[in-house]
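Coming up is one lone chain in structure tokens, specifically the form predicted alone.
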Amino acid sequence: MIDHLYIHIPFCPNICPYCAFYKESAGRERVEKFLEALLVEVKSHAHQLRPETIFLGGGTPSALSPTQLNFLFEGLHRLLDLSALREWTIEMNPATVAADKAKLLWDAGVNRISMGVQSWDDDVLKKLGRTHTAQKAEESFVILREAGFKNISIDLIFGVPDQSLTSWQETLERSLRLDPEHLSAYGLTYEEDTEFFRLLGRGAMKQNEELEAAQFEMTMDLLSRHGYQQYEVSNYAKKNHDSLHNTAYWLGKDYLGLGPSAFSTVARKRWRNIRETGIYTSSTMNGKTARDFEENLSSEIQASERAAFGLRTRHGLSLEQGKKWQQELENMETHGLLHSAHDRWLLTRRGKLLADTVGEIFV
């Protein structure tokens, strides 16, 4: 049985200029047809699912109306065995949070919220193309607390052009005042097929790697002092509040992804669903495959991926797992990027700053 389920909801009220995830704007009829097709896909896989974690990502799943969300959750409860469920997460844009929607999610069994605040600086939010203000984000956090949610993650982005170290410090401190159980802090990346990537290529945007490193180090120091453990390079949690779903990815567990563009990895096979909602919907409703890509994974590829992801976590990489790359790992240790402790390879503080570079040894 597969223990981890990801569901991709592709619709967004606004297309952010830095986001490379598959998303689109859509009207009510298109959304409802998609939800019907999604439940058909869920039903086709229900026999192999007994999820411990479910993650609804996007896109913006919370952009669905209460009626649409209710249709989706009623279908999931009807089709799936949820007796083993430990963590049910939904991504939420602060602009889409309302009391009735929060209550619906809580009543449906969702017990973890991942809210994309990104910044508490309204100027930075405008640059990122976000539709919410800092005040609205704080109001949304309070609404979620009042609805009963005791496991809320705040997502933040640093390394945004013209985002000062002071602005980033204020964003971290304002987040801490809300006392969330989990914080994700990602450095801005310039992904192909995004407006930011095009602006960077034209020289209209510039990166400041020195400032970004200072923001990252400030994040590690400040969150650590407030009791958050950096359990993965970009993720920090209070005790017993690591993301179970994302940890399953990093540890190389099997997972099923449903919805357009969603990836799945089960046993030694990986596949991706069609990256266009209309085609995904019609194919699924007509009994055709929703997949547009699949590959078989060798044991070597799986070992490399588990090593690369595992090393980014607080668990690190066992010495046994790292035998194949012993020379490269020792070289990284010589350069102060890794150290060994308790029979495991772990990133040093400097190694966390250069985690992507370290990960290249496994490719």
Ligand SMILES: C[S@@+](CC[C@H](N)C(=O)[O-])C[C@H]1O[C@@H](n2cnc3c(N)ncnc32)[C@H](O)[C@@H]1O
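This one's a predicted model, so the numbers in the text were calculated from it and none came from an experiment. Residue numbers run from 1 along the displayed sequence.
Keep in mind the form predicted in complex with this ligand is missing from the figure; the text below concerns it.
- In the predicted bound form, this ligand sits within 4.5 Å of a heavy atom of Gly59.
- Using a 4.5 angstroms threshold between heavy atoms, Gly116 counts as touching this ligand in the predicted bound form.
- For Glu91, a non-hydrogen atom is located within 4.5 Å of this ligand in the predicted bound form, even though that partner is not displayed.
- In the predicted bound form, this ligand lies within 4.5 Å of some heavy atom of Tyr186.
- Out of the listed residues Asp162, Glu191, Asp292, Asp122, Glu191 is the one that sits within 4.5 Å of this ligand in the predicted bound form by at least one heavy atom.
- Among the residues Asp155, Glu181, Glu138, Glu87, the one placing a heavy atom within 4.5 Å of this ligand in the predicted bound form is Asp155.
- Only one listed stretch (93-101, 264-272, 233-241, 246-254) carries heavy atoms within 4.5 Å of this ligand in the predicted bound form, and that stretch is 93-101.
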